[in-house]
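This document opens with one chain alone, in structure tokens, the form predicted alone.
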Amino acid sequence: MSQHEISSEVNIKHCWELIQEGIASRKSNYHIMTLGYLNNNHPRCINLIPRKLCEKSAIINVHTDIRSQKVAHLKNQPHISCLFWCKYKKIQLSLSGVAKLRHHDELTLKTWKSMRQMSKICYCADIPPSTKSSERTTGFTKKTWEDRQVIAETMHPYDNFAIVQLHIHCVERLHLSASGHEKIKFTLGPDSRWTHQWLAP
């Protein structure tokens, strides 16, 4: 194998396979992704669950409440970074790209109709996320909490549902190993082709 070639274990396809593994299994260390973005020019990180990955277009979908503060921040400053880490495989994936919001369109409606009622309940809360409160709160008023199962069967909570699409432009894969760490960077070009560059770990 020449210095310009890479094995099937470290190519971009394998990176996507690890993320798909996390989407498919709650037990996978790749099930939870850390998303970094700018909150009024201040860095902020949150954990999210990737719901879908389109390998061809390099887009990761995550679900959110349209009323969430991060939605406004991502609209204003869409550049993002994503981090995945598996303590068993010792493989870290660091991704960067831009976020685009989907709300009240064909994609969100199709996704909403396929969701379980338990998931829909998250969007039934009548108190917007991050609303300040003098007391501990679930985000539900008492009446809404009592009626949450019924509300989830209506289309009312769909108004709060949104999908953030993360358009990935760069992926860095770091593998920690006693026999020698390795790091490789994949970059998406204007021709929609991925190129790679080895980096010192």
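The first residue of the shown sequence is 1; numbering continues from there. As the structure is a computational prediction, the values presented were derived from the model and not from experiment.
Just so it is clear, the following notes concern the form predicted together with a small molecule, a form of the same protein that is not shown.
Contact here is defined as any heavy atom lying within 4.5 Å of the small molecule in the predicted bound form, and by that definition not a single one of Thr108, Cys124 and Ile151 is a contact residue.
Contact check for Lys142: every heavy atom lies farther than 4.5 Å from the small molecule in the predicted bound form. Remark: Ser130 counts among the residues lining the small molecule in the predicted bound form, judged by a heavy atom distance of 4.5 Å or less. The small molecule is not drawn, but in the predicted bound form it has no heavy atom within 4.5 Å of Lys56. Mapping the unseen interface onto this chain, Leu48 counts among the residues with a heavy atom inside 4.5 Å of the small molecule in the predicted bound form.
The stretch that touches the small molecule in the predicted bound form, counting heavy atoms within 4.5 Å, is 62 to 70, out of 168 to 176, 62 to 70, 143 to 151, 22 to 30.
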